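Just the one chain here, laid out as structure tokens, in the form predicted alone.
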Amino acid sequence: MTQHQLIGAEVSLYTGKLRCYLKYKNIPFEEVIASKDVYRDVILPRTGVSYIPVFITEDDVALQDTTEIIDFLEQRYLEHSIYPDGACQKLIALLLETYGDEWLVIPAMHYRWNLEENREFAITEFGRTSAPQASEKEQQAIGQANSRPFAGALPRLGVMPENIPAIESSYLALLADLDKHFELYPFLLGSRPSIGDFGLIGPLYAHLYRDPYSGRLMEQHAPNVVAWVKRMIDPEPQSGDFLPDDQIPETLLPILSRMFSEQGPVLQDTISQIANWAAAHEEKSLPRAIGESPFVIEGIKGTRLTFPYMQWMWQRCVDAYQHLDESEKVRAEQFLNPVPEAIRLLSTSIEHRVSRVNNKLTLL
């Protein structure tokens, strides 16, 4: 092999995240469609799991998780790191990556699978990806079959008929807040994308911009977000700078406030449930879900499965906060003062930490 390979699909949320990163860092790669044959012959044998994207390096290292892939490549491609040198900026970027990766999947999945126009578009895309050589009729049947597990995942994520109006209201409010921010700044923390931008671009591009109904919604309500999406998917490689002196725009506060209002209780509950699970089980390997967590969006209660992976992402934020020196911690807490739940959660120690080993979660 002489070139990196990105194995994924245009319709895939996390493939979008990684593709944007590779383009910004100017890392050469060949994109390989994750067809049924590629799943069978490459993805499962090389990673042991059936998730995309998969990244295979030019020296034949196979990596699966987007956050781990990015961190791996950041060690090899040092120019224009997507992690700010400023400790407070890095913390905020990690928070927003966790929000994008682990929470915005809720509106992303709702709009894709509950809106007929989007659903039909996605089914067609699934069929083309899985069987690119098949006839259109065969692709449609394959797309129907392959999409069922994704459409069926909505209740597990907390998307139920009774909270759909709240999910849509929250998403439109988020778009408005992001639009105000991107009217002033090209990216979250200046003129260079951070890991936070790449966390947000997955759901906001692959589902919420690219799918037709939600794409028109974004064009109508948030033209500055659309402009940011276009900058992310077609970036000027290795360009831009983070704001000087570790500055954090105040326009990010409403976004962070929404994150901790909705996702904060689930983060706390996930930590507690993992501790309870560890006390009741001798084995270290964690299942993908271990229970249920309540949450509230726009005053409407819901319940979703508890995913230990969310704690693995959250640990990165806690580690960044706890590595702040005293002056940095003061500045971070002054900025986050309007979001007290953020400070409380970041200050809470995690007794039972989660690690990823061979693409599976395990207790340390």
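As the structure is a prediction and not an experimental result, all values here were calculated from the model. All residue numbers are counted from 1 along the displayed sequence.
The same protein also has a form predicted in complex with a small molecule, omitted here; what follows describes it.
- Here is the short version: of R76, R288, K137, K284, the single residue with a heavy atom within 4.5 Å of the small molecule in the predicted bound form is R288.
- In the predicted bound form, the small molecule lies within 4.5 Å of some heavy atom of Q64.
- Contact check for I52: a non-hydrogen atom falls within 4.5 Å of the small molecule in the predicted bound form.
- Contact check for F150: a heavy atom falls within 4.5 Å of the small molecule in the predicted bound form.
- Although the partner is absent here, F295 sits far enough away that none of its heavy atoms falls within 4.5 Å of the small molecule in the predicted bound form.
- Note on the interface: of 298-306, 314-322, 329-337, 64-72, the segment with non-hydrogen atoms within 4.5 angstroms of the small molecule in the predicted bound form is 64-72.
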